[in-house]
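Take a look at this single chain, the form predicted alone, given in structure tokens.
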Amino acid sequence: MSICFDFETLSERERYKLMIGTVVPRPIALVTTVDEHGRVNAAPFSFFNCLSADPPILALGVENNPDMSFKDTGHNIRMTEVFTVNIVSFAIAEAMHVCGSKYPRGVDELKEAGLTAKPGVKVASPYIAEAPAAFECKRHVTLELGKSRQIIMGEIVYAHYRDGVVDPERLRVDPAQLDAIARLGGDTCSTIRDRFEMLTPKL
């Protein structure tokens, strides 16, 4: 016996609930941008992942406001063509949550959350000093998905790692030092602390 759903008959909210509860765990990007006046914005995204290494592409699913106007992240990337993806560790999970609050445009979420903005090297958007890793990105392409959502793909042009997170010789990232968190369904999050090895079979 199985339970089935015809997605063509479900509402947007019903589809959303099934998708976010099933496609798990989803990594969290705390995305920093600046607007055309240089004001900093930070917002978390769990519709996020890496898609390609050549070219090095990250993708964000960016939702518009209910009236279909752009939220700050979408607006800022449209105006400046750059953004920075900061990986969320357990240590900054609560601060990330603060950044997700609905502040008026122009409010610096990083200051509200007690996080430190550091100047980008190759892009105008800052990276977060407390994040274990951050990728500076230039917008590669934007896909318009109807009126409500965009998929923004960014090409990584520079990476920052906190000391101890990556072996600079072997380029091995230590998952324990990264200590990233992920989204599950609803308000539930998870860590990556419980791990196991599964070697690729050799035929």
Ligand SMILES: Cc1cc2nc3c(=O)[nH]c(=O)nc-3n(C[C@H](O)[C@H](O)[C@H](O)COP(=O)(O)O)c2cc1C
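In case it trips you up, residue 1 is the first one in the sequence shown, and so on. Since we're looking at a predicted model, the values are computed, not measured.
The protein also exists as the form predicted together with the ligand; that form is not presented, and the subsequent description refers to it.
> Since the chain is shown here on its own, which stretch among 56-64, 130-138, 151-159, 172-180 would lie within 4.5 Å of the ligand in the predicted bound form, judged by heavy atoms?
Of the options, only 56-64 has residues within 4.5 Å of the partner.
> May I ask you to check whether M96 falls inside a 4.5 Å heavy atom distance of the ligand in the predicted bound form?
Contact with the ligand, yes.
> Does any part of G100 reach within 4.5 Å of the ligand in the predicted bound form? Heavy atoms only, please.
So G100 counts as contacting the ligand.
> Check whether K122 has any heavy atom within 4.5 Å of a heavy atom of the ligand in the predicted bound form, and answer yes or no.
K122: no contact with the ligand in the predicted bound form.
> Check whether A43 has any heavy atom within 4.5 Å of a heavy atom of the ligand in the predicted bound form, and answer yes or no.
Yes, A43 is a contact residue.
> Establish, in the predicted bound form, whether I28, D72 and E109 all lie within 4.5 Å of the ligand, using non-hydrogen atoms for the distance.
Yes: I28, D72 and E109 each sit within 4.5 Å of the ligand in the predicted bound form.
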